[in-house]
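First, one chain by itself: the form predicted alone, in structure tokens.
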Amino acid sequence: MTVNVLITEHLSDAAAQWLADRATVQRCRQDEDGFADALAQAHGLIVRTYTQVNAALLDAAPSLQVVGRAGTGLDNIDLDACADRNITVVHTPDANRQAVVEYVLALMLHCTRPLLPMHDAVDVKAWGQLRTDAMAPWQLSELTLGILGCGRIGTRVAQVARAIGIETLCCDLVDLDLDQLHGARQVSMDTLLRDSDIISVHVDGRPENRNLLGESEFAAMKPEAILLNTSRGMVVDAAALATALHANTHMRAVLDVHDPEPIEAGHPLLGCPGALLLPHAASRTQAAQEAMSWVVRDVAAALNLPVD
């Protein structure tokens, strides 16, 4: 029997070819012509971030046996609907951890140690002014980092922060032991918001986390707080954040994820002072993209295809 696998978003060429050597592979986005026909014949489905695997999609895929998410979270997959239909769900929970952690470190350094490149020769006076302008008000080691959500990525951020010498607080739904925290101190969310100079968000996409950070949370932060969000766009109440940034010109927010994506015209944070909006790029390294693409191995195993 021919085994059909539908790929709706990007996979590396090597991983896609590996799968094509074992099954009939079709690439088709959810918004393209031909998607419905391909889905109806699919035994396996591989998605990334923007394909919504919900009950309606699954009802249109009567032969589907496995859904593979080339990524970490499963927010765009209705796990209950898959379970009801005996559809296996696989993903790559560790594939992009290092890439995201490096990105978070880069954002912290960008906010605290901005670079001023020179493009032309300068005289002594201009040289002195450049060096004056480059004076950073803080070193990271003088600041307190608050990590909101201490899963795979949050705990790795804590480990890196400890190596650099940053005092670190963390807040999570569950109590964590000291080895998991890498020297960070677990505190309540109120304490983390009040005492952190930089807040890095690493929570999942469960419905309860929608607008987790809103008006009262922004008001509780330090006046010069820096908010970093590389987790889920829906975690931040964008309208409330825009209001807070307009009211407090010392506060900054660096957001790599948004709700919705792509950002639409009229989004409250577009052009907002203190807001740096980035195009969901935290995991965009070749190594991470390749590692996520190899979800094809688990998809093949679920379909009883050879994996050696």
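In this text, all values refer to a predicted model and were calculated from it rather than measured experimentally. When you see a residue number, it is the position in the sequence shown, counting from 1.
There is also a form predicted in complex with ligand MLT; it is not shown, and the following applies to it.
A.B. asks: Within 4.5 Å, heavy atoms only, which of 30, 49, 41, 65 is in contact with ligand MLT in the predicted bound form?
C.D. replies: Comparing distances to ligand MLT in the predicted bound form, the residue within 4.5 Å is 49.
A.B. asks: Exactly one residue in 73, 151, 214, 233 has a non-hydrogen atom within 4.5 Å of ligand MLT in the predicted bound form; which is it?
C.D. replies: After the contact test, the surviving option is 73.
A.B. asks: If contact means any heavy atom within 4.5 Å, which of 30-38, 55-63, 243-251, 275-283 contacts ligand MLT in the predicted bound form?
C.D. replies: Selected range: 275-283.
A.B. asks: Decide whether residue 196 counts as a contact residue for ligand MLT in the predicted bound form under a heavy atom distance cut-off of 4.5 Å.
C.D. replies: Close contact is absent here: in the predicted bound form, residue 196 is far from ligand MLT, nothing within 4.5 Å, heavy atoms only.
A.B. asks: With a 4.5 Å heavy atom cut-off, would you call residue 292 a contact of ligand MLT in the predicted bound form?
C.D. replies: Yes, residue 292 is a contact residue.
A.B. asks: Hey, in the predicted bound form, does residue 96 get a heavy atom within 4.5 angstroms of ligand MLT?
C.D. replies: Yes, residue 96 lies within 4.5 Å of ligand MLT in the predicted bound form.
A.B. asks: Note that ligand MLT is not shown here; using its position in the predicted bound form, name the residues of 10-30 with a heavy atom within 4.5 Å of it, in sequence order.
C.D. replies: Not one residue comes within 4.5 Å of the partner.
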